[in-house]
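Next up: just one chain, as structure tokens, the form predicted alone.
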């Protein structure tokens, strides 16, 4: 391995360590309350050295957003690969999203709290072009597959439908999380039952 390769390897190792440190700080304190000083301390670096790699909290937040998307992308791909028909792939993706919500609360919250101002233009472009960071693409492809194999209606528009399914499910997960006590104790509803009913409604809306 040449000198340039070793330098690049060391750079990538340092970047990973910084993002790992930033992740811990963001998860424990939230984006708003986290500071670059705390991230530098967690990474065992000087603040000046930290700024050599990342120009702002926004830049670092974008890196963690990319991690969230990659984890969700992998879950979506694995789920879709287990089914043959497109409509069944969409169902499996919905189940995978719910499990992501249950098992990866910190990453889920990163995605939910994400706003464009939290992401540098450089990272935004990278996320748009990196296929392995785009879980929406898996959902869109599954809808297209369903239209072709006849399990999803022909009048369904893949991109718009993927956005609707994503928005509906995300909003439902947020609502049931925030209103859990009221729903369970006040209305005697079970969260899993609400999610299952919602999935049935969505499924009915797209299947042929």
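Note that this is a predicted model, so its numbers are computed, not measured. Numbering follows the first chain given and starts at 1.
What comes next is about the form predicted together with the DNA, which is not displayed.
Exactly one of the stretches 148-156, 174-182, 161-169, 48-56 approaches the DNA in the predicted complex with heavy atoms within 4.5 Å, and it is 48-56.
When contacts are judged by a 4.5 Å heavy atom cut-off, residue 28 does not count as touching the DNA in the predicted complex. For residue 144, no non-hydrogen atom is located within 4.5 Å of the DNA in the predicted complex, even though that partner is not displayed. At the 4.5 Å threshold, heavy atoms of residue 24 stay clear of the DNA in the predicted complex, well away from it. Put simply, residue 140 is far from the DNA in the predicted complex: not one heavy atom of it is within 4.5 Å. Contact residues in stretch 14-36 (any heavy atom within 4.5 Å of the DNA, taken in the predicted complex) are 14, 34, 35, 36.
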